[in-house]
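Presented as C-alpha cells, the chain that follows is alone, the form predicted on its own.
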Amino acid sequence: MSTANRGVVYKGPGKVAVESIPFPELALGNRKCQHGVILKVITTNICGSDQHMVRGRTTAPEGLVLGHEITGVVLETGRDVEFLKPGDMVSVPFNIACGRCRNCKEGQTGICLNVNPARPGAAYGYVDMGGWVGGQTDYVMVPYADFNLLKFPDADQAMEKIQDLTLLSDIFPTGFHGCVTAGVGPGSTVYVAGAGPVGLAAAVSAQLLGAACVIVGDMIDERLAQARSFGCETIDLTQDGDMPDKIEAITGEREVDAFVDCVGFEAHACGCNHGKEAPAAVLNSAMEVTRAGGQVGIPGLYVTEDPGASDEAAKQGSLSMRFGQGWAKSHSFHTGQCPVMKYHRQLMQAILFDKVKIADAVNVQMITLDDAPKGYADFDGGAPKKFVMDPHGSVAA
C-alpha cells in the first residue's frame, strides 16, 4: 500500500495549495487510537464553511489541512473496531463525536464534550474544532469509527449514486436540520435565505418534508436560477423593496411559516446597499417575515471571532439584532452545528430509493484534488455549483 498522502492546505487569506502531508496513523497524540480507522478518500467536498476560513474571516492558522465532508473506503481498522472492516464504504459525519459523553448519548453529536479541549464540538480540518486533520486528502484517520461512520449497504450501488451520497457528510443533513428546526412540514410556506449549496439543500429538504411553497432569496442570478430548476420560487435581494411585499407577491401572505438562515455571519444588506456587509441582516429579516409563533432554523455559520468584520462589535461576534421583535412574536430560534447522525441514515435511504436528487439540486461538479485551488476560487466567485473532489480518480473511473 502506498504511504504517499496529499492534502489541501490553507496558506493564508485567499490561498490554498495541494501539498504532501503525513500519511495518517491510528494515533491520538502519543497513544494508539484503537477505535479509529484509516480511510482511502473517495470524495471530499468544498464547503461554504471552508470558504469562510480561506477568505481570512476566522482565526484559522496557516498550514491547516482543510476538509470536513468526507466519503471513503476503510483501509485499516484499530483493534477495538468491531463492526467495520477493510473494504467497507462509509460516509463520515463532519461532527467528530465520542459516543460516550452526555451530549452524544442524548443525540447531540455536534457538541460532543470529549473531542475538543477548547469547547464542545469538533470537526475535521476546521478552526477551533479540536485540531483534527482535515479530509481534503488522499487518506484520513477517523476516530470512534463504530459510532461515527455510516456504512453503505452495497459499495457498487453507492458508487453509482456517489454524487448524491457524498452530500450526507454535511450539507444535506445540515439543510434538512435547518428545516426540521424551523418547523417545516406538510403545507408549510418556507423562506430559505441563501442559494449556496446549504441553502439549496435546505430547499430540497423543505420539499421532502412536504412544504407547499419554498422561496429562496439570494443576490446571485445563477444561484437563483439553480433554485428555480427544481421548483422553488425566488427573490432577487439586490432589488429594492420590502421583504413582506416580495413574499406577499408570491404567496398572498406577508409572512411565512418557517424561515431557514443558510447565510450566516457574512451576510450583506439588501436592495441598493447589497454590496455592504450587514451581519445581522438575515436574522433581522427572519423576525420580520416569520409569522407569530413561527420557528427560525439557523444552520448558517456564526462565529465567536471575525477578524475581517466591518465593525468592532462584529469582530467579537456581537451582532445588532432586533431581538425584541422576535420576542414579541414568540419566535423559536435554533442554532448550532447539525448533529449529522440524527439524519444521515434516513437521508441515505431517500437517496438509495430515488426519493430525492440532491446532487442535481445543488449542481455537483466533480474535480480532482489538484483542481482544489481553482474550485475554491470559483466557489468564492459565486459559482452555482457544489465542488466535489475525486482524489484517486475513483468516480471518474
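Since this is a predicted model, take the numbers as computed values, not measurements. Just count from 1 along the sequence shown to find any residue number.
Beyond the structure shown, there is the form predicted in complex with a small molecule, which is absent from this document and is the topic of what follows.
When the small molecule is considered in the model of the complex, Gly48 lines it closely, a heavy atom lying within 4.5 Å. When contacts are judged by a 4.5 Å heavy atom cut-off, Val92 does not count as touching the small molecule in the model of the complex. Although the partner is absent here, Pro197 lies within 4.5 Å of the small molecule in the model of the complex, judged by heavy atoms. Remark: Asp164 does not count among the residues lining the small molecule in the model of the complex, judged by a heavy atom distance of 4.5 Å or less. Residue-level contacts in the model of the complex: of Cys112, Val282, Met141, Val289, one residue has a heavy atom within 4.5 Å of the small molecule, and it is Val282. When the small molecule is considered in the model of the complex, only one residue from Ala182, Cys262, Ala203, Ala122 comes within 4.5 Å through any heavy atom, namely Cys262.
With respect to the small molecule in the model of the complex, the three residues Asp218, Arg223 and Gln337 uniformly fall within 4.5 angstroms at the level of their nearest heavy atom.
In short, of 32 to 40, 48 to 56, 352 to 360, 367 to 375 it is 48 to 56 that has heavy atoms within 4.5 Å of the small molecule in the model of the complex.
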